[in-house]
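Take a look at this single chain in structure tokens; it is the form predicted alone.
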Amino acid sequence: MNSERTRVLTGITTTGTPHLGNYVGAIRPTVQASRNAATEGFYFLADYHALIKCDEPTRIQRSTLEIAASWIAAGLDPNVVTFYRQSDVPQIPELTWLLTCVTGKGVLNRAHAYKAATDKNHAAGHDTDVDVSAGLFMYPVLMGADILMFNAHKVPVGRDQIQHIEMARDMAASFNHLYGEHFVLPEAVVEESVALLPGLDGRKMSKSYDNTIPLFAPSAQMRKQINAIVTDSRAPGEPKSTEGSALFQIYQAFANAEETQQMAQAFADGIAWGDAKQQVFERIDHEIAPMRATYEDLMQHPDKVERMLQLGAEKALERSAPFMRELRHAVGLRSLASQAQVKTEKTSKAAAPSFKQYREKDGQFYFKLVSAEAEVLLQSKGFTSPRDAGLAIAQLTTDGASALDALQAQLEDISRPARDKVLENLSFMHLMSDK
């Protein structure tokens, strides 16, 4: 799995028709990132994830085509990146099971989607797990398998998805601790400049709110929907505020800095809402129209998209199949004809990382983090009381990287490679405490 390039991975769940919000928040930035020669891109259609949210087979199939066609029309080059359908890589669900076996249930209990579902049930006076499928509960493990299957270094996500990357890191650290170094620890990449697009009613553009503008709607339909964007009652000539204006935010997501400034000035000068909406339509259509012909051609010829996805699957399998053989061997799923299994293997199961707390002659209280191999990974400075030292240990075990940063002044300096090893061991200890 070694590569000099940074591996970047992202996927889109196949449950609906792509809209302008998907384009601005996911499709456009990933296409731009795919052109960076320093990265190796993995882009996938998350159709297994779709099964958690949707039980309409034709909708999932249609959405798969629409999202694939949108990505390609927007400029994603399947010859440059690995572009595949999740369900075409059977090693992903197999890896999901391996990760399930090293993931504490307590970790999954804290997943945002599961907690939201159970909180909703509690608020309604229902039993905790009413209408909560095992698929929803296991969603973070499948996402972890998506990421770890290709040992992605970077995963672009929204802030609401950071937790899933942290959980994937925990899974990787736990597996590595038990079976050797097989996974890199992925990092979440939150692009603050990526716009969160409002919909027709001012709320976040989302299928759930039925307030979306389809990305490749015909020009006439797009114009009609833009005209339906909610605005206030200020008359032509009356100054208008850009703050909180859905219309302005949508324009800004497509315009350059100079165009944005001009529109802001037009708002201040009292532009009529009808004129402003016309300018918004023209600016969006200017960017989308050149892609529309490619999109429509792919929608009319789904066999073209299927061939691209099959070629992408072949590229993905070139990586996933040998890696899964390596992982199967690591956990003991081996041929009985092999001589490897008759050898006694020394694994880290015999011991575990631990904190050692002690008092020195200076009267101060100290602790150190010791690996399963008795290597000192982390050394504290002195604390005035054993309680303070104990609280720091608890914080490190629970919060990992954030605690390591917060307690920096109370810890001896560690190098970046040592820091990664510390985090792996802390993640393992956190997982074990949840089992």
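Start at 1 and count along the sequence shown; that's the residue number. Every value quoted in this text rests on a predicted model; they were computed, and no experiment measured them.
This protein has a second form, the form predicted together with a small molecule, left out of what is shown; the following refers to that one.
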Non-hydrogen atom within 4.5 Å of the small molecule in the predicted bound form for each of L9, H49 and V155: yes
Listed range touching the small molecule, judged in the predicted bound form by heavy atoms within 4.5 Å, from 136 to 144, 101 to 109, 222 to 230, 182 to 190: 136 to 144
Distance check, T13 to the small molecule in the predicted bound form, heavy atom within 4.5 Å: yes
Contact flag, Q279 vs the small molecule in the predicted bound form, heavy atom cut 4.5 Å: no
Exercise: Q161 in contact with the small molecule in the predicted bound form, heavy atom 4.5 Å: yes
